[in-house]
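What follows is a single chain, given as structure tokens, in the form predicted on its own.
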Amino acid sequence: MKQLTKSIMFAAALTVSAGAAMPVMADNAQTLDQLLQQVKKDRISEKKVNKKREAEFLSDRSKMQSRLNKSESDLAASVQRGEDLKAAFSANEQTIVDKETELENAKGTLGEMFGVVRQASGEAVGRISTSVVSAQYPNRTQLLEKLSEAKKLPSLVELEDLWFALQTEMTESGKVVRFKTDVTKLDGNVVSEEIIRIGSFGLIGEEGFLRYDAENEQVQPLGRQPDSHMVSSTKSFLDVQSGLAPLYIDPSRGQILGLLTQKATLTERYHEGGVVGYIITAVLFIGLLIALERIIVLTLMGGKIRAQLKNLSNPSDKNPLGRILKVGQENKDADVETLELKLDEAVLRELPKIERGVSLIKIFAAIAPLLGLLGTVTGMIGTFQSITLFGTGDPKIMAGSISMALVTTAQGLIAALPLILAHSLAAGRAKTILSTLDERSAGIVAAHAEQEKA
């Protein structure tokens, strides 16, 4: 009996440990009967709770089933609507194709005319927008741009405006007219002045040739005017009120004048030679100064010698020949060999004064082309470096180094030519003086030898 009681208590304890409320119940039960009643009571209560939950689950299941049915119904409706829209889209596409075909058939020859209008408008936009006629008649391109991009047939008014724009350009291209307009100066100031339009070839004003900036719709002077004789013809043309007058015009309608603005001036080309070019200039400048000094000195010296030749009996110390003659007079009692040695010594003493600087001019004349060759090599090295870094895609990158190579070569030759000429002049005058001194020295020795024999 004790063993049975223990088993029942153990089972009750396990049952109690499975629920949260059971420990309290077990604690409240004082006997096994109370415990049994309590368990039965709890089982009845638990069944009620389970039934309530089951009822709730069944209710929720019904609701969810209702929602599922509704969603499936909505999905079916949406799929059906998509099919209907797809069918309507296909039908509309076919309708559009049919309507376009019907429109093309209805256009007939008007379609060809529409294409011609669009093509003519597109071609005229670029020509009229950049034409100098637009400087006098601005705002002519809006209609042309509209017609060139139009998707519908142009109206009669638009066709008349197109004809008017083309006729205006054609008519004004053959006129030389004066008109007043705003000119934007190079410093940014805007001045109203009277200018002349030469057909569609160009504009001229007080500063010479003008250009029309189509992007900003401004009349501006060229950044760099062409040669002075061309600019002077524009000034003469401005003063003419009637008749004919010569004038340089650009037949390319401004393209050649635009290229002239990018042409380097003589000063800019000189500076393209860089450091080597400056050295060549210094060599030329110094060489010419030396040559000028030598030519002047030798010319004055030659004049004094010629004057001395006319007065051999009265030698002067202020010229080489006089000093040679004095040596001859001072040694007239010496023997021939001694006199000859004395005269040779006197001539050699005069030689440095006469030939001083002449050889230096020759050296400078030889150095100048060599410096030009150095600049050529340096420029070509720079060219190859540019090719290595940037490739050959852009010739402008290599143009600077190639220009330096060619400019220094030209500078070297230009410097060498006058230096060679100056050296020839100076050397020739020095040689003439030395020949005179040698000649007179030999004459003195010969005369002295004849006196000794007599």
Partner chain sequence: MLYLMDLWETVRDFVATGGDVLFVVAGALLLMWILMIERYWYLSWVFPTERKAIIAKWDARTDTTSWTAHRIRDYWIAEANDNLSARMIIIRTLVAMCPLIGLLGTVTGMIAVFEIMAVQGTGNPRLMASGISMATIPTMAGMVAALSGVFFSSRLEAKVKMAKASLVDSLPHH
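Residue numbers count along the first chain shown, from 1. None of these values were measured; they are calculated from a predicted model.
What comes next is about the form predicted in complex with the partner chain, which does not appear here.
- Of the heavy atoms in Ser424, some are within 4.5 Å of the partner chain in the predicted complex.
- Shown alone here, Ala291 lies farther than 4.5 Å from the partner chain in the predicted complex, counting heavy atoms only.
- Within 4.5 Å of some heavy atom of the partner chain in the predicted complex lies at least one heavy atom of Arg269.
- Contact check for Gly391: no non-hydrogen atom falls within 4.5 Å of the partner chain in the predicted complex.
- When the partner chain is considered in the predicted complex, only one residue from Leu417, Leu68, Leu58, Leu32 comes within 4.5 Å through any heavy atom, namely Leu417.
- The chain is drawn here without the partner chain; in the predicted complex, the stretch among 337 to 345, 209 to 217, 73 to 81, 96 to 104 whose residues come within 4.5 Å of it by any heavy atom is 337 to 345.
- Contacts to the partner chain in the predicted complex (heavy atom within 4.5 Å) from stretch 392 to 411: Pro395, Lys396, Ala399, Ile402, Leu406, Val407, Thr409, Ala410.
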